[in-house]
Ligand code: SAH
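The data below hold one chain only, encoded as structure tokens and taken in the form predicted alone.
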Amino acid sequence: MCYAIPGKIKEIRGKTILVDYFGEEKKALNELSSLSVGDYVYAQGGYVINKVSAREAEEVLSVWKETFFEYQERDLRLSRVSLERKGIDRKIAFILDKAVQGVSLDRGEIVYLLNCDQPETLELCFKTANFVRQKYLKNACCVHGILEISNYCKQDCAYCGISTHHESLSRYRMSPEEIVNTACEAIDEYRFKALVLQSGEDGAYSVDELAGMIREIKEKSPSFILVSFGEVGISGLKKLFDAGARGLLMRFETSNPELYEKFHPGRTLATRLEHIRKAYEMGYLIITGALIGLPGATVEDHAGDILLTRDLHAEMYSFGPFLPHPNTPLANTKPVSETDVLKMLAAARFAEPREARVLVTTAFETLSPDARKKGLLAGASSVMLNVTPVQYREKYAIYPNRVNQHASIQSQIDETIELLASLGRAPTDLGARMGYEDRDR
């Protein structure tokens, strides 16, 4: 099963094309030459990846046609919610009504929702978040792969298990050839159309070398490549973009500048945000967000995290629980609860009801065995699968006992497809961000 569905070009408007998917029309930015109305293309993250033959496209579409509409009906059934709110806090009812209408929440409303602790009210909040997700994003679920190419890192972030604090960690660094081959295998053999390349801030790879790998991957295996190498500098981001990277995964971790500097010695939140803002201006799709439950973070801080993510034009919201690592200064911190994470996911959906893809993070899946299902039923619409070679995964120890450390890629895919089918979600990104000319929204 593919993680993208081919669509037929219905209209071309300069660099932006209109693509038809079973009657749904989506925009995508085109950087390829020689495309015409009537051609079939794969698109991810709002970018055209490659053109495909009519025969290949029709073969995929024939398999998907009945299944797609069957999934839509199942998703509609599961996302229904009663709009009668008897016995529910008036202010919560007002917040949910705003979200259903597609109106973004303000800071006070997000704080109020995050402070809610009544089980029945929270259940309604989560169901409403799922309803809003279905209303605006339909049943598409982004399924991306992530390849962790190195666990070397020169930074001493207080919460991270691959920071310089973890002196006993066995380090690894994949060779350029190994990186390219592994990425192409994930794209060609396992059919990932979007792939994150991630590492610690490892100075052993020059930006030019990283750019060369990205260029080679895209030449061999057309795909949507996202990068997550930390702060490589604005000029470094430009080189990676010019090489073909189109997405940036860079979380700011906390919107509180004082907390940021406390947990990132010698660094500032302003520098981090400059990287993200400049990347957006270049044309990157932005995935960003924060940790839930850093010591000293308040509910007001977490509301600020959601609003800052929105202000940064994030296409995907990434909020995961802080899981303490025993080899870091924050080893004795108590993790947040599953409910706290679900409240953040629902609040993120309500903060940007029409646009945001909300991610169920690996950290949340590590915290709770039912996280993926519960997150997807609380407004989330994206998951990431680990395609890092098994011999390296345990060493990428940003927190302990990560989920799927020893699972094969195929078993992760099978498990994900089974869950998505049960929820009526199509494992593909039909969404498309706005073209350059539409960005002043």
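One-based numbering along the sequence shown. Just so it is clear, the model here is predicted, and its values are computed rather than measured.
Keep in mind that the form predicted in complex with the named molecule is missing from the display, and what follows is about it.
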Spot the stretch among 273 to 281, 247 to 255, 205 to 213, 296 to 304 with residues whose non-hydrogen atoms come within 4.5 Å of the named molecule in the predicted bound form. 247 to 255
Exactly one residue in Y71, F263, F131, F322 has a non-hydrogen atom within 4.5 Å of the named molecule in the predicted bound form; which is it? F322
Among I225, C160, L359, L285, which has at least one heavy atom within 4.5 Å of the named molecule in the predicted bound form? C160
Distance check, Q198 to the named molecule in the predicted bound form, heavy atom within 4.5 Å: yes
Closest heavy atom of L113 to the named molecule in the predicted bound form, within 4.5 Å or not? no
Please run the contact check for L385 against the named molecule in the predicted bound form: heavy atoms, 4.5 angstroms, yes or no? no
Can you check whether Y396 is within 4.5 Å of the named molecule in the predicted bound form, heavy atom basis? yes
Looking in the predicted bound form, the residues of 213 to 234 with a heavy atom no more than 4.5 Å from the named molecule, listed in order, are S228, F229, G230
